[in-house]
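Below, in structure tokens: the form predicted on its own, a single chain.
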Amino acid sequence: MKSIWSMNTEIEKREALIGGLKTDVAVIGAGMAGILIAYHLQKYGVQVVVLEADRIAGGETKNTTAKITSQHGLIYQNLIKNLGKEQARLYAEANERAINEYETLITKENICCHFMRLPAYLYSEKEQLCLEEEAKAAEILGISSRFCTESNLPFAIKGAVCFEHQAQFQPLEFISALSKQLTIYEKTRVLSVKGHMIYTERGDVFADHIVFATHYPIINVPGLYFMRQHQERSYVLALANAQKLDGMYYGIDKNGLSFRNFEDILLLGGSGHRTGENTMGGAYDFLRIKANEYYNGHKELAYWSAQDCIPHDSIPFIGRYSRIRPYWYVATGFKKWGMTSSMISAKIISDEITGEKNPYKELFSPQRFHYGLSHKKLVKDIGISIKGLARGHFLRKAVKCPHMGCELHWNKDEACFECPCHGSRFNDKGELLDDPAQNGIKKLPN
């Protein structure tokens, strides 16, 4: 199940770390966030190395739909209501600037990655009023937006919010070109981090500053990120002989669909669920039913899935990992918008390390707590975790997650074990697929 990006792009392999070293900054994780953070730091003249457990872009980056957009669902009216216009404006501005930063960087480095400016639509087949309100909220915050009732989707809609001047690209072409400028050690799994020391399978690294860009933080304490977000999966089909759209589309309804084109290929996404809650399967089948309904004569070229960290207040955690580790930094909780969030992470964290001021630092600070946006989801996540932990510890036949001992569930579509508590995933042999767990399953059912 390779993504269309992985099928089309091969990234140059790098050697593993041999022995120890000392550096100004060590970035753990060579996905989009880690590569952009390292790139920006290096441009500041900082000595930086990147440590990657497997391959460059080998995690969630290779599975993204690669929309570079400030349109993140029905978010702006909620931000205004709960945080006020100024904080909401900062969120909108940070994401709009991230789009421009990509375009500037791609032009400067002369990267061929199918970067394209085009509109992004947030649509519904059932709702209208909430989309009208979202369009007004976005406009108040400085985003070029409008409400409309027509689209070139293959079905009727009640309404849509159109954000102008958004973008999309081929993520692996981009990261392949950018990573060539950086010192990266692949096949170098981090086993533990204590103070300024990083212990890996290949040698130890001392760094003045350490950045965790591992999608989900691999250190539980300090930080407690396992209590502050959960993970969700979504699924994608790549279709030939389908429709050429005028922009990117994202549905807000239950079972809403995502659409974008890559050249003559249509990416059809959806079937989202909390990780660990697809025991009956059917996620890909649902998308295939929709593809057959909308696109006669299409051909399926690829299918794959992706995983996203969902913070309770819908704002990523970007900045210092913990008050008691001021030289640790983290980039996580990107929800489903990892491309813009990765660029914001690069700007905030590189500014933090080099002592530059950043206007978005406080909004994205991991030390924040927005009660109005967070408390209901926090209570729900705690309840799910307690249930999973109890079943893992008291059911004799439970398959346990090595992260914290929660009961694992089988994902029929992906043929893997998944943790509903924190989102770790393992193949049918018990080998680790996704963090926060750092080890495979010790005991599998007979």
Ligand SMILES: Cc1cc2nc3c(=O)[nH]c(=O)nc-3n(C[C@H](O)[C@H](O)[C@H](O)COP(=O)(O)OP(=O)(O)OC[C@H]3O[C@@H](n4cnc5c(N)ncnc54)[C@H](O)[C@@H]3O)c2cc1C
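Predicted model only: the values in this text are computed from it and were never measured. Residue numbers here begin at 1 and follow the sequence given.
This protein has a second form, the form predicted in complex with this ligand, left out of what is shown; the following refers to that one.
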Answer key, this ligand contact in the predicted complex at 4.5 Å (heavy atoms) among G319, G276, G159, G338: the residue is G338
Single option in K380, K387, R55, H393 placed near this ligand in the predicted complex, where near means a heavy atom within 4.5 Å = R55
Residue stretch of 349-357, 109-117, 237-245, 210-218 approaching this ligand in the predicted complex, non-hydrogen atom distance within 4.5 Å = 210-218
According to a 4.5 angstroms non-hydrogen atom cut-off, is S145 in contact with this ligand in the predicted complex?
-> no
Proximity of C419 to this ligand in the predicted complex, heavy atoms at 4.5 Å = no
Can you check whether H40 is within 4.5 Å of this ligand in the predicted complex, heavy atom basis?
-> no
Can you check whether M32 is within 4.5 Å of this ligand in the predicted complex, heavy atom basis?
-> yes
Of the residues spanning 310-327, the ones with some heavy atom within 4.5 Å of this ligand in the predicted complex are none
